[in-house]
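A lone chain, given as structure tokens: the form predicted alone.
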Amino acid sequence: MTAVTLSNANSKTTLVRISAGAGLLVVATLAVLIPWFSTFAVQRLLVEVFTLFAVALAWNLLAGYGGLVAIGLHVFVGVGAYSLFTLSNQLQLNPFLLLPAAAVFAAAFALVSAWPMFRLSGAYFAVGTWVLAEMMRILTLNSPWLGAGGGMPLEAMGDIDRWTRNAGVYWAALFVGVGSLVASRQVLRGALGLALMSVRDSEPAAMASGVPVARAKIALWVLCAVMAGLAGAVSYMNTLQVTPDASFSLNWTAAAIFIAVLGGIGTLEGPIVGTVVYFLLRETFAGYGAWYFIGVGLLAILTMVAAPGGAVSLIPEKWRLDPFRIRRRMAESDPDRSASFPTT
């Protein structure tokens, strides 16, 4: 009887996985084909969705798993965007081919900045990252070879026709958004993810258990820098112009924090839900001007008071799904074995 039950359960699990895989394949195919049946306006909006999602996911990983509340995460957005624009303009190369270079520059900057930033902790770290972003903004603002306050255009895009340019930027944004999600899942399912979850639950206990806390946080810092740097590079490829005040703007991190708080910090589902809600609110109510920002602020406050775990926490535990299969549970004890030992 038990064997039959297990066989049926395995068959249902296999069927669910096959159905989910087929559904994901259909969604992925439709996403790739969007440039052929949508307007340029829709593609530009989706570029914003995917790039901001990647930044929000990066912030959520830092705060929700590494305990690193970074107010200045947008520094990597600016570094990624400026490295792409500068290399493309100076070398006269196709910017799409230089996206890996933007990731490398963002990772290198993260490694260099890790030493001073990681000497800080708590609120000092949060403020320190914001100061770092402001320093980079001011430095760029006063660098004539980077275009100073006027920024710089992406000259190489002038040789690419409009349809190809918009489709290419959309596919790049799709790659950044989906790639960030896949990379995050793989990290959280691996040894680094286990280390980060232990740090999130109790850093002193993690250190006492031999978890390399410092190395785990630096690895997470570099990963999130790459995600945010690529998002920044693709986002400003979409506008064909980068400026210090826009690329090093606190608005990037503010939106990422709102999305993470609204969806749920410390989960992969949270940024997805938060991004959907954020853009629905923006596209529906942005025309109300100041009232829109007041409403968004009140919603964030209400969420933090009524549901600190975000929208995901409102789902009852018994109904909560684990689509990314990153939750770890204690192994259930064997009832037959436990019954063989007398209790006192």
Partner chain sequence: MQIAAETLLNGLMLGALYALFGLGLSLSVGVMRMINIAHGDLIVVGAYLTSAVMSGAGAGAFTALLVVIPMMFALGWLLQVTLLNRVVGRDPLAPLLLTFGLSIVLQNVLQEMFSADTRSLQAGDLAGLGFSVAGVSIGVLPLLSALASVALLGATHWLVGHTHFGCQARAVSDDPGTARLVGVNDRRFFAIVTGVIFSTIGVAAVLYALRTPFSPTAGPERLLYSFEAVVLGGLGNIWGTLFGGLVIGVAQLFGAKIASGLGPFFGHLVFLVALLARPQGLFGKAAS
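Keep in mind that this is a model prediction, so the values were computed, not measured. Residue numbers count along the first chain shown, from 1.
Same protein, other form: the form predicted together with its partner chain, not shown, and the subject of what follows.
The candidate site formed by 25, 52 and 192 is entirely out of contact with its partner chain in the model of the complex, as no residue has a non-hydrogen atom within 4.5 angstroms of it. Between 93-101, 241-249, 220-228, 129-137, the stretch whose residues reach within 4.5 angstroms of its partner chain in the model of the complex through a non-hydrogen atom is 129-137. Not displayed here, its partner chain is approached by residue 119 to within 4.5 Å at the level of heavy atoms in the model of the complex.
Although the partner is absent here, residue 65 sits far enough away that none of its heavy atoms falls within 4.5 Å of its partner chain in the model of the complex.
Its partner chain in the model of the complex is not approached by residue 280, whose heavy atoms all lie more than 4.5 angstroms from it. When its partner chain is considered in the model of the complex, residue 105 lies well away from it, no heavy atom lying within 4.5 Å.
A heavy atom within 4.5 Å of its partner chain in the model of the complex is found for one listed residue only; from 272, 172, 265, 206, this is 265.
A single residue from the set 34, 304, 276, 45 has any heavy atom within 4.5 angstroms of its partner chain in the model of the complex; that residue is 304. Contacts with its partner chain in the model of the complex, taken as any heavy atom within 4.5 Å, map within 254-269 to 254, 257, 258, 261, 265.
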